[in-house]
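Coming up is one lone chain in structure tokens, specifically the form predicted on its own.
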Amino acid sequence: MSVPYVVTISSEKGGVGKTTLATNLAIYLKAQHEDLPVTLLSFDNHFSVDQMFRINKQRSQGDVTGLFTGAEADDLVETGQYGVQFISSSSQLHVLRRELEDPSLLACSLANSQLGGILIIDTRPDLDIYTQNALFAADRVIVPVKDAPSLENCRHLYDFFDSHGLSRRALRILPCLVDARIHYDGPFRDTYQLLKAYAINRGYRCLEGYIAKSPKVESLNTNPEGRIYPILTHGRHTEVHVQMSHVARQVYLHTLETQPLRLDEARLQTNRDQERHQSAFEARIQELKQNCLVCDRPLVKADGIEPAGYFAQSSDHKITGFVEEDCFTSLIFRYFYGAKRTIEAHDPIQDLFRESAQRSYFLLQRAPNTRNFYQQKLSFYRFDDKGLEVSHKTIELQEFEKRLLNKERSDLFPLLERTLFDEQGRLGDSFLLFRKVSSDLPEEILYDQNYEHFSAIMAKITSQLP
């Protein structure tokens, strides 16, 4: 499977020429190597990419949000002007941003695509989650700087690479909008020499050369027609034309030298992570008690897990299993909610409880300061979805209780014998935590992310208990 070489243009300082660099770099690369697929996208919301490359206002096939919502990257690509492919920008990135936390999502999406060639990503002037994703996927990060403040902001990009175990070798500083008319006395003759010296002094690597400030080039982005013109066609006689050709040449040469590509590494890491997740999931399946912890009906079978209502785990992790919904509900209503009648499966009360249980955790534990063998007490807690206590009730445990005609054994005891009782038949120090699960897919709670959340809530609840 072919993956693209990814170039990310990034700077936390606005007005340094990021978009001009990204769009024109795509055109120069395509002009120098006609058979090379070149694709461009932007996580900024100014739609410069669309204005520059869209042909005859053709209808978009999707936009950059699709890269984070499961769309195939290949299906989002459009053929644009100058032979450059592009993915439409979006005005809804701010909405999706609230749901994104993982900086590897874009790399995973692109690693499974067939784009190939070179992909250039233009970013916003901040280190938001989209910029993080673009950095994480990059083989080369070009950081345009025009002054000391924009150079100082570079350290945040380097910190990001360090915190995610990425090689700093991908990062390159490129002085941009350099005013060639400014000269200095001393060792640094002009702004370019000064910025380069500052960068090297901070341990930053630089691309060769710079991009000059040019009124002619600036005018290509501001004209009465509202169009954006490329330097290659409308600024060929400027100094910037030669400089852009040189930058494009450096990028292309690096594509020939880079093996493996960053997306190849990301794909391998994803495969390793999936194997690790699968192994951990299977290990958790193996630890499950096979029968319902209340009624002892078989739930965990060789071909999957039968429908169940609740997942349960003891705080010492010795007991893990499932409980049928009716078994759990009847116990809770009978012993802790004081129901005087049997709660049927389709009873409105049961429906109400089932709905609220989706946002709750339930806990059984020996009541505080009750170790007497003959007067054991059991506490029942209810916590909200964030692990904060909602209610608490304590009952006296009696193995036999008076029913209609005679005494019968309490329905609570089989559950406690399988989970919380020690060898002497007493409640130990551990507790049992319950969580409502999908009846159709109860094992979903054992997936890494869900199980980690359950474990985090258990730890939070533990810290609150007396």
Ligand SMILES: Nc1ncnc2c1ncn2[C@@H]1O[C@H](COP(=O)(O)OP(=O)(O)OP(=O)(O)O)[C@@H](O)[C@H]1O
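No experiment lies behind these values; they were computed from the predicted model shown. Numbering starts at 1 and runs along the sequence shown.
Keep in mind the form predicted together with this ligand is missing from the figure; the text below concerns it.
K.L.:
Can you tell me which of 135-143, 322-330, 182-190, 209-217 lies within 4.5 Å of this ligand in the predicted bound form, counting heavy atoms only?
P.N.:
Contact criterion met by 209-217 only.
K.L.:
With the partner left out here, check for me: in the predicted bound form, does some heavy atom of residue 125 sit within 4.5 Å of this ligand?
P.N.:
Residue-level check for residue 125: yes, a contact with this ligand.
K.L.:
Considering non-hydrogen atoms and a 4.5 Å limit, does this ligand approach residue 44 in the predicted bound form?
P.N.:
Although this ligand is absent here, residue 44 would touch it in the predicted bound form, with heavy atoms inside 4.5 Å.
K.L.:
Taking heavy atoms and a 4.5 Å cut-off, does residue 240 contact this ligand in the predicted bound form?
P.N.:
Result yes; residue 240 sits at the interface with this ligand in the predicted bound form.
K.L.:
Does this ligand get within 4.5 angstroms of any non-hydrogen atom of residue 177 in the predicted bound form?
P.N.:
Contact with this ligand, yes.
K.L.:
Taking 113, 116 and 117 as the candidate spot, are all three within 4.5 angstroms of this ligand in the predicted bound form by heavy atoms?
P.N.:
Negative, none of the three is within 4.5 Å.
K.L.:
Does anything in 11-30 come within 4.5 Å of this ligand in the predicted bound form by heavy atoms, and if so which residues, in order?
P.N.:
If the 4.5 Å heavy-atom criterion is applied to this ligand in the predicted bound form, 11-30 yields 13, 14, 15, 16, 17, 18, 19, 20.
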